[in-house]
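Starting off, we have a lone chain in the form predicted on its own, written out as C-alpha cells.
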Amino acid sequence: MSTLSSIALTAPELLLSVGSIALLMWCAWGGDAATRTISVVAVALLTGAAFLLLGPAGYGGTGFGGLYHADAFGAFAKLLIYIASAVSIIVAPRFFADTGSMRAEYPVLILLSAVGMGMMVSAGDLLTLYVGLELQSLAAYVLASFMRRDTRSAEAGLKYFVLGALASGILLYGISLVYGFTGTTDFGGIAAVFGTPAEEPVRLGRLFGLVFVFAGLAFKIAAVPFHMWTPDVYEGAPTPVTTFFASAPKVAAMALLLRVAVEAMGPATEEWRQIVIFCALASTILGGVAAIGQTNIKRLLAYSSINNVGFALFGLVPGTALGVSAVLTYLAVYIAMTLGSFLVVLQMRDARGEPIETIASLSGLSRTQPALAAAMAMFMFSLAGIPPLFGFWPKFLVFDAVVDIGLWPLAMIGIATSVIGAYYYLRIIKTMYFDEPAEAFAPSGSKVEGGLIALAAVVVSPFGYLMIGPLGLISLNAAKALF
C-alpha cells in the first residue's frame, strides 16, 4: 500500500490533529472568551471524524507496513469514542462557568485524547499501541487536574499521573519482553511466533511478556487489581471530566485489549484466559462489595464502572468472535448507561448552584423532580442488568458466550456476583422514591442536557431491544475483523 493510501486510512486522526492544533492557536489568540465557539467547532470536528469512518478509514485495511489497521472493529470503537467525547464537551461549559474554571483548552484536550484513542483501537503494532496510549494518557492527566485551584482536582491529577506512569512502565517492560522473545512488535508476527512451539526458557519469557502487557492494559480499563486510582480520580476530577473518563477511554482501552488478545496473542488464549477470568471475577466482586458503603455518588459510579468492566471481560474469556461481539455490544450499551448517569449527576446542584455529590441529596427526588428521578432509576436498573431494561441484554450476551465454550460454572459465578451490584443500585432508587425529600435541586435550565438524558433513557429502556438486530449485526461484523 502506498504512503498516500496509508494516510487516507488515518483521515479521522488527521482531521482531529489538524483541528486541535488550529483550535489551540485560537485559544492563544482568543482566550477563554472563545471557549463556547471552540467547543462547537470541536464537536463538529468529532462529527466529521465519525463520517470519515464511512470511507477507507472504516474498511481500508492495513497501512504503514502493518502499524495501523483501518477495519470495522476500529470504526465501531471510534464511533463510540467520538460520541462520548462530544457529549463530554457539550456538557462542560455550564459546569465550568458556574465554578469559574472554564478554559478554552478543555475541548482541545478532549480532541487530542480522542486522537490517541483512535490510534489505540487501530494499532497493529506494539509501538503504535504505546504511542496512542501515551497520547491519550497525557491529555487525561491534564484534564483530571483541570480545576487547578481545587485541591481534590489537583490531587486526582497527581494520583492519576503517578499511577499511570507506573502502569506505562509495566506495559513498556512487557512490550520489551515480548519483542525480546518474539523478535517483532507486529501483531501478526507476534501471533505467528506464539503459535510455534519453543523451549521452556523461551516459552516462559513469552509468558512473562504476556502477563506484563495484560497488567498494563488492565490498569487502563480499571480492572482489579489495577483499579486503585479509579475512585479517587472519579471523585476528585470535575464531573464533565469524570463523565469522559468513565466512557471514551474505557471503550478505547477495552477495544485495545481485545485487539491485542485476539490479533497478537490469539494462539496463547489458554495462557491469557486465566488472567482475564481472575480480573473479571475480582472486578465484579470488588466493584459490587466496595460500592455498598459509599456516600459519594461519583465514587459509587467509579466502583460501578469497575463492576461493569468485570462483566465485559467475561465476553473476552472465550476468545471467539461471538465473545468479542458480546463485548462490543456491552460497550455500546454501557456508554448510554454511563453518560446518562453522569448527566443526572451534573443536575445535582443546591439553591446557590454549587455541585452536590452526596447520595443523601437524592432523597425524595421522585417528589421534587419526578422526570429526573425516573431517568436515574432507569439507568440504575439498567446498570444492574435487571430486565426488561436494555442493560440486561449485553450481560446475557457475555454469559451466553462463556456458556457456549462450556464454562457454565464461570457463568453461574458471574451471574451470582451481579446480585451484589444490584444492592447498591437499588439503594439509590430506594433513596429517591422512599426517603423523605431533601433540599430540592436547583433547576438546570439546560435543554441540551435534558435532551441528552432523555435520549440515553430511551436507549436503555425496553425500546432499546429494537436495536438488537442492527447492533448485533454491526458488532459481529466488527468482531470478525479481528479473526
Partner chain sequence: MIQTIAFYLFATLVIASGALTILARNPVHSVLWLILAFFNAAGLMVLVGAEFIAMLLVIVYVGAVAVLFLFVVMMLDIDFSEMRAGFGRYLPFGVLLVVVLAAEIIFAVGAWSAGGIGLGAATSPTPEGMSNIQALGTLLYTRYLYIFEAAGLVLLVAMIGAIVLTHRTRGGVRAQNIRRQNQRRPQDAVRNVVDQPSGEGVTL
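Computed from a prediction, not measured in an experiment: that's the story for all the values here. Numbering follows the first chain given and starts at 1.
FYI, the form predicted together with the partner chain isn't displayed, but the following is about it.
Segments offered: 337-345, 179-187, 228-236, 251-259. Contacting the partner chain in the predicted bound form at heavy atom distances within 4.5 Å is 179-187.
Put simply, of Thr329, Ser145, Thr284, Thr243 only one has a heavy atom within 4.5 Å of the partner chain in the predicted bound form, and it is Ser145. When you look in the predicted bound form, the only residue of Val402, Leu171, Ala139, Ile306 with a non-hydrogen atom within 4.5 Å of the partner chain is Ala139. By the criterion of a heavy atom within 4.5 Å, Lys159 is excluded from the residues contacting the partner chain in the predicted bound form.
Ser2 falls outside the set of residues with a heavy atom inside 4.5 Å of the partner chain in the predicted bound form. In the predicted bound form, at least one heavy atom of Leu67 sits within 4.5 Å of a heavy atom of the partner chain. For Glu263, no non-hydrogen atom is located within 4.5 Å of the partner chain in the predicted bound form, even though that partner is not displayed.
With respect to the partner chain in the predicted bound form, the three residues Arg103, Leu112 and Leu135 uniformly fall within 4.5 angstroms at the level of their nearest heavy atom.
Although the partner chain is not shown here, in the predicted bound form the stretch 8-25 places heavy atoms of Thr10, Ser17, Ile21, Leu24 within 4.5 Å of it, in sequence order.
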